[in-house]
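A single chain, nothing else alongside it, follows as C-alpha cells in the form predicted on its own.
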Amino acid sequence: MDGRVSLSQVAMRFGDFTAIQPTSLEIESGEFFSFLGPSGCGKTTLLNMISGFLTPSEGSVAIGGTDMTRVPVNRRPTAMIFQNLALFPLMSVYQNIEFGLEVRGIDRQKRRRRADELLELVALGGSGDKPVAELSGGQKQRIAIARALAVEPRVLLLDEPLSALDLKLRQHMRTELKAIQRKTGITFIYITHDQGEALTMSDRVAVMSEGRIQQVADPMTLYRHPQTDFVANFVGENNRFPGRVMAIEGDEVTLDAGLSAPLRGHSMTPLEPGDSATLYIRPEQWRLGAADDRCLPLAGVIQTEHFEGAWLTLEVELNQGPMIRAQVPQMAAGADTQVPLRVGSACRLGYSSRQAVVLAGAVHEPTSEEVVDVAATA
C-alpha cells in the first residue's frame, strides 16, 4: 500500500488568523513521522488537513499520489487515534475493533477473524469478550490502535495518544507503538509536544513553531545540528551564549560572548565577522578539569548540585559570565579527577568546539508555553 503523504503549499486560515503558513512536505510510505512543537503551533491543524477534518484554505494534500484535498474523511485511506481514544465504553473489545468493519458491510465471520489477528498483534489475544471499561490505560491504548488498523488504512494518524498515561506506561507504549508500526509497515503520522516521544519513536521529525515548520530531520540530526535557534532551544536543553563573530576559519567560528575568553564552535550557515550570533552547548558536552587542544576552558563556581544516579547535574556561575548547566558522569566525582564537586567550590569546564553549534542572530527566549512543554518532558 502506498502511504506517501504530500503537502503542497497548504495553508490554513480562520478569519484573519493564519494557523498554518504555506507549507510543503513529503512523508515517505511506511515512515514513522512526527510533528513536534508547543501547544498552539499548528501541528494538530496539519493533522486534521491530512485526515480531511479540515480543508486547506489553499494548497493540496495527496496520499499515495492521489489528490485528497476535497475528498471527505470517510473516503480517505486514513484512520485516526484521538487523544481521548474515543472507545465505546459499553461495548466489548470485539465490538470496538469490529465497528469500522461492520459499517463497511463485512460479514461477522471475517470481522471476528480480523479482530483476533489484531488482538494478537497488540499482545491482547483472548481479550475480545472483555468490556472496554474493565481494561487498564495501556490496554485501552492497544485496543484503540487495533480498531484503527482494522479498516486497513494506508496512513494512521495519532493525535497525542499517550498524553493521559503515567510516565512508566507512556515509556512502555512508545516501544509498543514503534514495534506495531514496524510490523505493519503502515505510515504513522504522530502529533506530540513531548520530545522524548518524538526522538525515541520517529524516523523523522518536523519541529513546528507559530504555524511554520522550522526543521525536518532524523532525531539525531535535530539534536546535534539544529538549524534555527528555536530548534536549538526547544529540542533538548542548551546553554546559550549570544555574542559577535570575531573570526571564521572554515566552518569554525570564534565568538566574543563577553566572557574572559572567546568561544569557538562550528556553523553550517554563512556568517561574517561582526555578525550577531549565538553559540549553543548541551549540558552533557561539558568536560570537567583542565583543557586540552580540543577543549576550551571556562572557570566558575558550583552553585547547585543534583545527584541523578549515573549523572550529576551542576549549575555553575561562570566567572564574568552567566549561570550554565553541566551534566557530568558520576565517575567525575572520583578522587582521580581532583575536582571537588561541592556547592561553593571552584571548577573548570571545557568543551570541544566541534560539539558547539553557532547560529546566526540573537538568542531565542522561550515563551512560557515552551517552558511548560520542556518541563513536562524532563
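Just count from 1 along the sequence shown to find any residue number. Source: prediction; values computed, not measured.
A second form of this protein, the form predicted in complex with a small molecule, is not displayed here; the remarks below concern that form.
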### Query
So which of P38, G30, G59, G350 gets a non-hydrogen atom within 4.5 Å of the small molecule in the model of the complex?
P38
### Query
Might E176 be said to contact the small molecule in the model of the complex, defining contact as any heavy atom within 4.5 Å?
no
### Query
Applying a 4.5 Å heavy atom distance criterion, does A19 contact the small molecule in the model of the complex?
yes
### Message
Is E305 near the small molecule? Define near as a heavy atom within 4.5 Å, in the model of the complex.
### Response
no
### T44, heavy atom within 4.5 angstroms of the small molecule in the model of the complex
yes
### Task
Can you check 305-313, 44-52, 322-330, 60-68 and let me know which stretch has heavy atoms within 4.5 Å of the small molecule in the model of the complex?
44-52
